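Next up: a single chain in structure tokens, the form predicted alone.
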């Protein structure tokens, strides 16, 4: 299936993630090690329970989808959506390899209304909502797809000061690309929903009730900063896109600069990059 979003910003995002799909998927074990705890917390916030039907929004290659399937069991149902056809194909293959017939994977713009309404018991979105140009449209779409009383929980990055690795990466990439500093809260960026209270208001504005947000630390722990840079070079679509127009030597200089700055998080037990996440949940 080929999907062509009409929004230029969304189309740019699709192209970025198509290019990074293989790298992102290849690092699934690393991502699961990093995010398995916060992901279980996300499921708890959405009230995910055995036998339910759940939407997994911006599912990527499906690492959290497989975790979701484990929790739901054989009587559960998952609709996993993503903008990138390449990621959806990988998600389908992983579900098939795991023998899961409870997962339906669909190429879709998370901002568009799903054909299903009043259907799902719960919905989750792990580190995808902040990448959307119009996150409120996604929230409204998900709310319509939920049964009355169903819950939606979204995980996003907190504010820049709580995520120094992302702040360093983005500012360094922009500087090397000769671009002006970017407002970290501008729509579609990694930190765009990190302003305290902002996501709560978006949930409430589209009609969610009992909205609450909590913070959770999620340090990215690896043997060395070089392992982190290797991950970024193949999987960090937003950073790769910023540097893509530079000559190869200039790109190497940028990655080297990032590694040198990020080495400050190296300790006796290896490299541990600070990350703080927000989990916001509400009930239809």
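Everything numeric here is computed off the predicted structure, so don't read it as measured data. Residue numbers count along the first chain shown, from 1.
The form predicted in complex with a small molecule is left out here; the points below concern that form.
At the 4.5 Å threshold, heavy atoms of residue 128 reach the small molecule in the model of the complex.
When the small molecule is considered in the model of the complex, residue 262 lies well away from it, no heavy atom lying within 4.5 Å. Using a 4.5 Å cutoff between non-hydrogen atoms, residue 13 counts as a contact of the small molecule in the model of the complex. Although the partner is absent here, residue 240 is not a contact residue: none of its heavy atoms lies within 4.5 angstroms of the small molecule in the model of the complex. With the small molecule left out of view, the stretch that reaches within 4.5 Å of it through heavy atoms in the model of the complex is, among 84 to 92, 210 to 218, 174 to 182, 192 to 200, 84 to 92. In summary, among the residues 78, 122, 132, 169, the only one with a non-hydrogen atom within 4.5 Å of the small molecule in the model of the complex is 132. Note on contacts: among 108, 153, 165, 100, the single residue with a heavy atom within 4.5 Å of the small molecule in the model of the complex is 108. Site residues 17, 31 and 60 are all in contact with the small molecule in the model of the complex, judged by any heavy atom within 4.5 Å.
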